[in-house]
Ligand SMILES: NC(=O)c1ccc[n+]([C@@H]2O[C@H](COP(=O)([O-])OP(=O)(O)OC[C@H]3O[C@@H](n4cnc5c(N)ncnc54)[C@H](OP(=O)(O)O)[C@@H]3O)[C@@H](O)[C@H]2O)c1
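Given as C-alpha cells, the chain that follows is alone and in the form predicted on its own.
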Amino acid sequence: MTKGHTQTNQPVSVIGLGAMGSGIASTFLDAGCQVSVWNRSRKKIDALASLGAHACDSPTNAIQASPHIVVCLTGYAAWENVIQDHRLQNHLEDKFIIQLTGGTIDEVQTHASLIEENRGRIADGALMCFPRQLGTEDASLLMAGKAEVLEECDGLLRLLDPNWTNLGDDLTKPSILSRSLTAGIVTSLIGLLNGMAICRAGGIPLELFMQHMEKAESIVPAEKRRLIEAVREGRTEETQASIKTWTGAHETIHSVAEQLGTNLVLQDSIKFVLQEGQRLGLGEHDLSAIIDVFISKKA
C-alpha cells in the first residue's frame, strides 16, 4: 500500500533521526509539511535536508522552528540529556510535544510533569509498525493525552497513521499497550529461534523447518483470538486443550531439547509457567487460564 499524500504546509519539527525518526520526517515531507530536523549525528540531518527538510544546528532551533515537535529517540534518558544539555525547559511554553520515545510508566509520568510545569503541551504515544508502513493503512500509532492536545495534533498524527488510536488522557496507556504487544511478539520470535536451534542440533535442515513451520503456524492467529476472547469473557474453564495436556506435551519438547544438548533456558521457563498453572489448581482448565499465573503475586 502506498503512503498517503495529504497536502499541508504545516510546520513540524522532528528530534531524533534514527530509522523511525527519519521515517516520520520523510512521511511529513511527502505530505508537504515544513519539516525541521535535529539529531546528534549531522549525517542524518543532511540526508533529510537533501529531501527538503530544514536542518537545525541544535534542538533549541528545532523547538523554536515549529509549534509541534515530534520526539523519537532511543530512550527517555537520551531525551533528558538533550533537555539538560540545551536547557530546553526554557523553550517549551505553548509547544506541543508529541513524544514517541518508548519509556517506562515512571519515565512517562516524570516527563509529562516536566513539560506541563514549563507550560508545554504533551501527547505521548507509541508506533507499532515499521518505518515503511508510516502513512499507510498498515501503520499503527497509539496515542494518549488531553482531548484538546490530541485534537490539535490530529492532522499530523493522521499523516503517520490515518486511523491512529486514541487511548484517552492517561499518558501511560500507550507505553503499557505497546509493551504488552511487544512482549507477545518477542516471546514468539525467541520461541521460533529456539525451535530452529533444536532442529539444527537434530540435523533437520532449516529449509524443511521453515516449510512445516509455516503450515503449523497457520492455526496461531485464530488460536490467539480464541485465547483473548476466553480471558475477556471469563471462559477459561472451557477446555480446548487443558494446561495438564500442554504440560505433558511440553515434557516431550523439554526431553528432546535436553537430549540434543541445546540450552534449556527457554524450555525451563515454559516448564515453570505450566507447573505454576497446575500449582494454582488450573490443571484441568484451558490454556487461557495461564493468565492467572502472570496475575498472581504468588507465582
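Source: prediction; values computed, not measured. In this text, residue numbers run from 1 along the sequence as written.
Just so you know, the form predicted together with the named molecule exists too; it's not on screen, but the next bit is about it.
Tell me which of 152-160, 114-122, 165-173, 99-107 has residues with heavy atoms within 4.5 angstroms of the named molecule in the predicted complex?
The contacting stretch here is 99-107.
Check each of S218, Q211, T74, S188 and return the one that places a heavy atom within 4.5 angstroms of the named molecule in the predicted complex.
Exactly one residue meets the criterion: T74.
By the heavy atom within 4.5 Å rule, which residue out of R40, K244, R235, K271 makes contact with the named molecule in the predicted complex?
Looking at R40, K244, R235, K271 one by one, just R40 meets the 4.5 Å heavy-atom criterion.
Quick check on I291: any heavy atom within 4.5 Å of the named molecule in the predicted complex?
I291 lies outside the contact set for the named molecule.
Answer with yes or no whether L17 is in contact with the named molecule in the predicted complex, where contact means some heavy atom within 4.5 Å.
L17: contacts the named molecule in the predicted complex.
Could you tell me if L127 has a non-hydrogen atom within 4.5 Å of the named molecule in the predicted complex?
Although the named molecule is absent here, L127 would touch it in the predicted complex, with heavy atoms inside 4.5 Å.
Would C199 sit within 4.5 Å of the named molecule in the predicted complex, counting heavy atoms only?
C199: no, not in contact with the named molecule in the predicted complex.
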